[in-house]
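This document opens with one chain alone, in structure tokens, the form predicted on its own.
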Amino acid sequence: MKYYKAKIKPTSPFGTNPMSDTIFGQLVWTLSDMGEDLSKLLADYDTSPFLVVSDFLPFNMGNVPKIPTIYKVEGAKNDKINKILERKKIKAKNYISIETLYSTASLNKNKIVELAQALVKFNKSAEIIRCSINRKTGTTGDGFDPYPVYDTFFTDNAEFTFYFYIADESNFGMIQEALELIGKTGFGRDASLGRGQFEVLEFDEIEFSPENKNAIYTLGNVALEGLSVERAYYEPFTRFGRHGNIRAVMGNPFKNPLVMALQGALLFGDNNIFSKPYIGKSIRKLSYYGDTVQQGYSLYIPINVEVQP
């Protein structure tokens, strides 16, 4: 299976986490603004999506798979203290290299813990104080109305890898243009204030083979309901979504809550699990607007886990 990947360099703070379903929504709105025919692009989205995207993955690393592990604190008092301190170090290692996961011939629980890494500090969340303004009177109202928001700031060396799949390769130029346009205008909360901007440094193609693999590691949030898998290990995530673009100010901006599996889910199944270059499903009927569609699909890399836990 062939994916495209882009190297992303943030050029402003982000007001919203760059998760797969958020980026997909932003791309669809941007394609609409570019004059593309969304009804045509989304016509077969339930069975054959025209586009599936991943999270922005820092330094091409994803969340450590949530495989249950056994951790015993035994021995003398000093041994127990050392083991507890060691556990804190292990918990700080919450990222794992995508390339290493794919290239390692045989993984197991201990090997995954061994390969996990603590990322060099590349971002910082900071509180920004703003003040409410009554747009009719141009004043703060009855009093001083400050409120906090949180932005994520990045170091100069911060970098993300973004994977995407296109059903029709002739659409690559269209997606490339839309992604670069989002980078210039920003995405998510406070994009109009300069948040969520980035530069696309390069595009590349990459292939992953399911040969000698028996499990899936997801590269984005995924809707698991109805999927035929034997086992799934994941961290649940509830998306309280809202519409973007013009629908953000049309009176019904909110979507229904949606439970998904966070990026880094580990799924086991038979060979059919690799039958498509993505897993999951489309999400519809989740807001006031009947034509709303959300990405419940996720890209993945095939991996080999030595013993199914």
Partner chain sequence: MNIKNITGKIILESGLHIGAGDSEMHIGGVDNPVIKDAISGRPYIPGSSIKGKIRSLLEYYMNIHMKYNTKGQPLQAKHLEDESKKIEENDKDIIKLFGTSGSDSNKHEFGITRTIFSDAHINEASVKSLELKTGQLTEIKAETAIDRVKGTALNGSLRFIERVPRGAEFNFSVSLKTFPNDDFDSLKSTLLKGFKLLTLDALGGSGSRGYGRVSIKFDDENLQKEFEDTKL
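Note that this is a predicted model, so its numbers are computed, not measured. Numbering follows the first chain given and starts at 1.
Omitted from view is the form predicted in complex with its partner chain, to which the following refers.
The putative spot formed by 127, 193 and 197 is fully lined by its partner chain in the predicted complex; each residue has a non-hydrogen atom within 4.5 angstroms of it. Its partner chain in the predicted complex is not approached by residue 259, whose heavy atoms all lie more than 4.5 angstroms from it. Among residues of the shown chain, residue 153 is one whose heavy atoms approach its partner chain to within 4.5 Å in the predicted complex. In the predicted complex, its partner chain sits within 4.5 Å of a heavy atom belonging to residue 245. Not displayed here, its partner chain is approached by residue 134 to within 4.5 Å at the level of heavy atoms in the predicted complex. For the options 176, 108, 104, 185, the one in contact with its partner chain in the predicted complex, meaning a heavy atom within 4.5 Å, is 185. For the candidate set 39, 47, 275, 252, a heavy atom within 4.5 Å of its partner chain in the predicted complex is found for exactly one residue, namely 252. Partner contacts here mean any heavy atom within 4.5 Å of its partner chain in the predicted complex, and among 96-104, 228-236, 164-172, 185-193 they occur only in 185-193.
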